[in-house]
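Just the one chain here, the form predicted on its own, laid out as structure tokens.
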């Protein structure tokens, strides 16, 4: 499955809030900024979407919702083992230091005080989008390195090679040319040349023979 770095203008955001007006206003702000917005009416619906195969990359969760509360959803999100974790912003009318610390300890990445100011909300979501981009790029780099390491390990094993034509037997018991085998297992491409010994032993005699034949033909024409 191909994985690409996420564009901030196509990134999906979940807005989970049991208050219809607040949910609609926040969603409108995000859509105006170019984000794709999904909605959830309560904590259970939010978790159902975030626990799917392709969850939104950013979640704005109301602190107090029917079913699962915002911090409870956050705790479940952090229990998932995924390459690129969901970036979570808690929406809350609570503004005491103790409440903010409690939300961040639950695993939230940020918080926004309700009612949300549009400029502040979009600025914080944009920060989350950049974090998601970096995490996605890092996960892709890790996958590439793991694949490269696997290829290196494959090339370190004992390879059956024909003593005459130097073909290599692959895992499916088929014989391949050396360059084909290495290209399939490591992505390496080959350019062909001659080593000095082979040039003297094979190439130079052929060139000399061609030169002699050319001179003989020219002499024959003069007669």
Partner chain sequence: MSEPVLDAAMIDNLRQLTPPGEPDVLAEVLELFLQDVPRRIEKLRAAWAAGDAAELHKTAHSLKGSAGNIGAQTLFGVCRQLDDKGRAGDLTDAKPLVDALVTEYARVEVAIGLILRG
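All of these numbers come straight from a predicted model, not from anything done at the bench. Residue numbers count along the first chain shown, from 1.
Not on display, but discussed next: the form predicted in complex with its partner chain.
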Heavy atoms, 4.5 Å, its partner chain in the model of the complex: which of 124-132, 139-147, 81-89, 111-119 makes the cut? Say which one. 111-119
Considering its partner chain in the model of the complex, which of 36, 188, 28, 159 comes within 4.5 Å of it through any heavy atom? 28
Does its partner chain, in the model of the complex, lie within 4.5 angstroms of each residue among 20, 24 and 64, using heavy atoms as the measure? yes
4.5 angstroms heavy atom contact with its partner chain in the model of the complex for residue 93: yes
Does residue 32 reach its partner chain in the model of the complex if we count a contact as any heavy atom within 4.5 Å? yes
